[in-house]
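A lone chain, given as structure tokens: the form predicted on its own.
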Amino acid sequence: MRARTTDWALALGVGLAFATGLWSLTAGRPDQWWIVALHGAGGLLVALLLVPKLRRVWPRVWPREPRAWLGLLSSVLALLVVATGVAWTAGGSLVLLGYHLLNWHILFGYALTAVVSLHMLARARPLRRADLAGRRQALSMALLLAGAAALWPLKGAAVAWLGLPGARRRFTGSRAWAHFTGNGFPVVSWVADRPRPADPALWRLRVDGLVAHPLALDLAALGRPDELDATLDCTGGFYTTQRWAGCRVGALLDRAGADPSATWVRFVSVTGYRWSLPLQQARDALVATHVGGEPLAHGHGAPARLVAPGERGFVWVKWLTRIELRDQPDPGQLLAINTSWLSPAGRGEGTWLPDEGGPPGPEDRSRL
């Protein structure tokens, strides 16, 4: 392949791998396996493109001008991204500086995307028609794409044939952990939320927004009539299937009198962390107060957390305090989940008092 064609193909390959990597963090249902497969094939495409790239630049691998160092750095990062990704899916368990291979894969991926973007701004030359013309160029690119598409299932077959731990992973690459053990699975956070434990006597779950009868429910009023077996697949690299108990969201919405115009439901944590789900999907979710027959531990979201089957763990909002019916999704939720740890409650300050400030009064109890 021509030099410019290779460089642009590499940049596009990195962009594809980055975009599908982010997308794969939302893939929780088995029928979404193809998102993870597309990410893997994109990463292997980058690995294949590195071969002609490194052959071309190897004689000048130690660049003399500052701008050229971005190219060398991007090549090193690309190798690290591919190596950590393949090692993780094969079952690698290396932990370095407190981070395991999946964490390093994600960190290297962010760094690679940033460096490649800077490198393209500094040195990229526009593609010409001559760079793409010719059957040889078309055949080369077709072979690379076919090779990347074939290497992904071949890698999986090799992992299974060799009996590596990765063969027992979920399609997301997550490891099985402590199924049906109650609170025995790891305590993790999307970023770093660490609120104080709640006082059960003060905790209230508010159900409001587009409803006829706003509610403020304590634990006794919430109850735990419903049970659900669901798999929590954490983007940190593990999955666990547990029996959760609590109250179906749909039952709470019916009690509050959902407005016909409502189409989305937003779930809000005491830290400000929040996520929204389409109404029909939200109705089947669970406000869980127990797991495996025991009350939720604080680290797992006590007094109550959202259990959203088919969604990745970051959607399962912990330390739940509010359910709000809306006529549109929450446009600020991506920012909220990455900044909630900076809020007073997210830093472990403040209390779990209701929104009005102060213990619930008679007006709250009348809506239980």
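Worth saying up front: this structure is predicted, and the values here are computed from it rather than measured. Don't overthink the numbering: it's just position in the shown sequence, from 1.
In what follows, reference is made to the form predicted together with a small molecule, a form of this protein that is not presented.
For the marked spot (271, 313 and 317), a heavy atom within 4.5 Å of the small molecule in the model of the complex is present in each of the three residues. Remark: of stretches 182 to 190, 75 to 83, 88 to 96, 151 to 159, the one touching the small molecule in the model of the complex is 182 to 190 (heavy atom within 4.5 Å). Comment: the small molecule is not present in this chain, but in the model of the complex one of 275, 108, 238, 203 has a heavy atom within 4.5 Å of it, namely 238. Contact annotation: of the candidates 219, 215, 211, 234, the single residue with a non-hydrogen atom within 4.5 angstroms of the small molecule in the model of the complex is 234. The small molecule is not shown here, and in the model of the complex it never comes within 4.5 Å of any heavy atom of residue 39. Although the partner is absent here, residue 322 lies well away from the small molecule in the model of the complex, with no heavy atom inside 4.5 Å.
At the 4.5 Å threshold, heavy atoms of residue 299 reach the small molecule in the model of the complex.
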